[in-house]
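Just the one chain here, the form predicted alone, laid out as structure tokens.
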């Protein structure tokens, strides 16, 4: 029906050229280098904060390495949830892009954000139900895969 290799006529070519110029004019220009630097700084800051909590736990709270890592994870989740609740994490994420969503802080933000949207529906139906809309599937798949890996490891120990 249509020959894709056929060259468009002069009128169609002018239309395509005008469209390409309009797209170039209206498309936002990407500052890739600036975005990479911001993501690096933001993600590095989150990770540095986590390392600070690990060091504080080991030196001043007399925690083992495992306990201090758990403490650091809990603190990052708590701080991210708190900042999401007061609306500051959105500003950090807008500035730092993907760097703000280091897995643990991104997970905390993904749990709290839906809950914040539905808090007017009450504690059980709004806050409680929406808190696990993201976390539920992650927990189900994480636990399921860990069981499968455990069974495989039990059958074929390495």
Partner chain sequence: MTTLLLNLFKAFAVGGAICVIGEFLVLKTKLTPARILVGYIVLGVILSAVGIYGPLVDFAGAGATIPLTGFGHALTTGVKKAVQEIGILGAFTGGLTSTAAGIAAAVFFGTLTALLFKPHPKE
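Owing to the predicted nature of the structure, the values given are computational and were not obtained by experimental measurement. Residue numbers count along the first chain shown, from 1.
As for the form predicted in complex with the partner chain, it is not shown, yet the points below apply to it.
Asker: Can residue 57 be called a contact residue for the partner chain in the predicted bound form at 4.5 Å between heavy atoms?
Answerer: Although the partner chain is absent here, residue 57 would stay clear of it in the predicted bound form, with no heavy atoms inside 4.5 Å.
Asker: So, in the predicted bound form, is residue 63 in contact with the partner chain at a 4.5 angstroms heavy atom limit?
Answerer: No - in the predicted bound form, heavy atoms of residue 63 and the partner chain never come within 4.5 Å of each other.
Asker: Just to confirm, residue 9 within 4.5 Å of the partner chain in the predicted bound form by heavy atoms?
Answerer: So residue 9 does not count as contacting the partner chain.
Asker: Within 4.5 Å of the partner chain in the predicted bound form, which residues of 37-74 have a heavy atom? Give them in sequence order, or say none.
Answerer: 39, 40, 41, 43, 44, 45, 46, 47, 48, 50, 51, 52, 54, 55, 59, 69, 70, 72, 73, 74 sit within 4.5 Å of the partner.
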